[in-house]
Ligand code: F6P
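We begin with a single chain expressed as structure tokens, specifically the form predicted on its own.
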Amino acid sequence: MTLADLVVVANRLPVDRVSDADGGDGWRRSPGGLVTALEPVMRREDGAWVGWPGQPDLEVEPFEFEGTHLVPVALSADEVENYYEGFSNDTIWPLYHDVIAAPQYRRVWWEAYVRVNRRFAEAAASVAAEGATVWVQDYQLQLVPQLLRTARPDLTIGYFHHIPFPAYGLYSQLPWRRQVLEGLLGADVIGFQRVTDASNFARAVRRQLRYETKATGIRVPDADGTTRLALAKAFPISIDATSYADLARRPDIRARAAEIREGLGNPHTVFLGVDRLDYTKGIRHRLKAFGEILEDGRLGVENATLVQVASPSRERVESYIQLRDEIELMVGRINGDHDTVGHTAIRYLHQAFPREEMVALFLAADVMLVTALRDGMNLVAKEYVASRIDNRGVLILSEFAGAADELGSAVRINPHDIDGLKDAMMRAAEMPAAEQGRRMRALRRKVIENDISAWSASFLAALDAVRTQKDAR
């Protein structure tokens, strides 16, 4: 077996299993910023990627795909239910998103989480060369860093946390809070989306483990009696901005954007929301605000439409089933009250779209609504900005999304303040072209300068610095 100098460990492999016309099975590259960011690095380093192939009870041998060595980790149907749908998405996800929905604490879920994390760690250890760098991704695998360090102390280990890390008063509810902190502290570099998230983590470490925390790092005792510094800091993730700008220049996509507006009845203002169907995204809040704007007569369906894309998400989890019902009931009520024969108040799309269609929607929209109640980053905000090569359009951005730390020229809102949200939507609908241009140029500079390549380079540079210090010792 060929060993790799760089190993990425993520819940999913960077490929999707597909069937061809002849009924045979094959693989295609998954969409997504992380895959795009790491692809050139993985090729250059002859790297390996450890992850679940996406289907329960699917046993697949390691294989090569477009220059990357892929190492599948099999999960049973019970493990998908308990480790992934259970502990990851019904315990950690709601807890880390400010308990917007109530987390469930079940011991059988935790036991599955420990078991699956150990399997991922063993797979990573088996393909990592001596002194390799291993980069673990996200909340499904918080125990992997320490499991790896125990098995392979020669490795340099990074971990990136894509979602928020909660304030201590919330985090302390977790029955397994010490084990999770110890798991994360197995990493040499622990990355977060926001400075606040890194501070919340450091405070949890101080309160629970009594370790010394400073700006230079957290002093962590190792099994051999020595101590080491673990760096915990913000590395805000981004997108491949150039690819969105390139799509926005394509004549067919620009024509599609015009077609979308035509299909909506060419209203003066098209509001757009693009989200996974998730209770953290504030979809109900923006629907309520738009419905009240129509009710108040500040806008009418002849001159304003809201397009809401809500891609399916975790459809077997009860809270998500209930959320879909609530949102579709709201859409039906608002449309029933305000639609005319020729105009629809809300065009609701419970489906996913390819990137080309999304860019056409971004170009068609006058106002982008990002009303997240809590979000690690929210890359849709950055995708909209990157697509607006015409320097037009307005981004309304929740202060509770990580993107708000970087995108200071957006119109910031508190999504819980419905009156404030309504006023922001009206301000955006009436904003002069000159102000739109000034704001959008500033937003675009930020997104282009801090793109996905810069993000991966900065994190890997931090890991390289750790490895250099180890070699010097």
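This one's a predicted model, so the numbers in the text were calculated from it and none came from an experiment. Numbering starts at 1 and follows the sequence shown.
Below: the form predicted together with ligand F6P, not depicted.
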Legend entry - ligand F6P contact in the predicted bound form: Asp138, any heavy atom under 4.5 Å: yes
Inset, instruction - State yes or no: in the predicted bound form, is some non-hydrogen atom of Tyr84 no more than 4.5 angstroms from a non-hydrogen atom of ligand F6P? - result: yes
Legend entry - Non-hydrogen atom contact Arg228 with ligand F6P in the predicted bound form at 4.5 angstroms: no
Inset, instruction - Decide whether Arg152 counts as a contact residue for ligand F6P in the predicted bound form under a heavy atom distance cut-off of 4.5 Å. - result: no
Inset, instruction - Could you spot which one of Phe400, Trp93, Phe192, Phe362 gets a heavy atom to within 4.5 Å of ligand F6P in the predicted bound form? - result: Trp93
Inset, instruction - Go through His343, Arg203, Lys288, Arg314 and name the one with a heavy atom inside 4.5 Å of ligand F6P in the predicted bound form. - result: Arg314
Inset, instruction - Spot the stretch among 326-334, 174-182, 74-82, 138-146 with residues whose non-hydrogen atoms come within 4.5 Å of ligand F6P in the predicted bound form. - result: 138-146
Inset, instruction - For the stretch 259-276, return the residues whose heavy atoms include at least one within 4.5 Å of ligand F6P in the predicted bound form, in the order they occur. - result: Arg276
